[in-house]
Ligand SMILES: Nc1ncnc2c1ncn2[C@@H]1O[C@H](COP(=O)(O)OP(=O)(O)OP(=O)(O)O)[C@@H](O)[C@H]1O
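Here you get one chain, nothing else, as structure tokens; it is the form predicted on its own.
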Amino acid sequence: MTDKATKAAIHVHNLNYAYPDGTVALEQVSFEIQKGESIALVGPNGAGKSTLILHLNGILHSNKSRGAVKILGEPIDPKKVHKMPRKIGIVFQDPDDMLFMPLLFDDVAFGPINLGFAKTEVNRRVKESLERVGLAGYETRVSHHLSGGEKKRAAIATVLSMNPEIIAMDEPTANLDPKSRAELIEILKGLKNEGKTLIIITHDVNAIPELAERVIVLNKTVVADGTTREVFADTEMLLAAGLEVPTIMQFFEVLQAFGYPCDVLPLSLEDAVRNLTQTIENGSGHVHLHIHKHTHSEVNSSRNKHQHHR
């Protein structure tokens, strides 16, 4: 065991898991996530992503894979699963799975109370956690009367109140309107900037460049593991895994067909603005596009490549 592996936030080695009916969910899964890293975990439906997350805090475990998962250098002990929320918090896709108390205060206080904190400390943690997700003053609100976006943020607050070093989230931006999605992304960026270790399951590829510097592609086993740019540049692998690249990247590939000079495709709107600004400055304030005899075939080729899922 290397010193690096010992100190890793998450260390997974040859993890296998099959459900009681024999369905294989995970096969020889191995990877490491260092403290402070922000990772996007992507893959098609049924790839084992949620199953993997449930192994990280001991909800699921296999006798055959005992010791295959280590959190902050410690193997998960099935007899001490109740202590895992101090190390790693899981935010489920459906916030209603995490909001079950009469009032929001009770939901956010549930974890700290069960960890044995005094009343004053519980109150402090509830207040700070709600403030961090933009729900200050919501303590006496009924959780199930909140909007979809508020419920997502409330679910995150229930995890933040236990102050884990690692936070794993299952589809945090799913089913949100644009405003709520943008608000949630800002919260996640804030957690990343604080140094929290994040592992985010998502199909929202347009959010990934803002949230993660590394992407792990899972399809029962690890198909790819690299920087966000490296993974999104591997079109054949993405096609095989039923995945797509960010819309901005697709758009600039079409621009290339019209003669736009772009050696490195932008991944995000921020990247696009920077790229366009540099191109205009280098071109005396102009961007020159043109149509040549291969333009339409190149555009169609690009569109067909990225519309495999439709």
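In case it trips you up, residue 1 is the first one in the sequence shown, and so on. Since the structure is predicted, the reported quantities are computational estimates derived from the model, not experimental observations.
Although not depicted, the form predicted in complex with this ligand is the subject of the following passage.
Chemist: With this ligand left out of view, choose which of N123, Q93, T221, T235 has a non-hydrogen atom within 4.5 angstroms of it in the predicted bound form.
Modeler: The option sitting close enough to the partner is Q93.
Chemist: Let me know the one among G46, G36, P261, G242 whose heavy atoms come within 4.5 Å of this ligand in the predicted bound form, would you?
Modeler: Looking at G46, G36, P261, G242 one by one, just G46 meets the 4.5 Å heavy-atom criterion.
Chemist: Contact with this ligand in the predicted bound form for T23, defined as at least one heavy atom pair within 4.5 Å: yes or no?
Modeler: Residue-level check for T23: yes, a contact with this ligand.
Chemist: Is H203 a contact residue for this ligand in the predicted bound form, using a 4.5 Å heavy atom cut-off?
Modeler: The answer is yes: H203 has a heavy atom within 4.5 Å of this ligand.
Chemist: When the contact criterion is heavy atoms within 4.5 Å, does E171 count as touching this ligand in the predicted bound form?
Modeler: Yes, contact at 4.5 Å.
Chemist: Is the gap between N57 and this ligand in the predicted bound form 4.5 Å or less for some heavy atom pair?
Modeler: Residue-level check for N57: no, no contact with this ligand.
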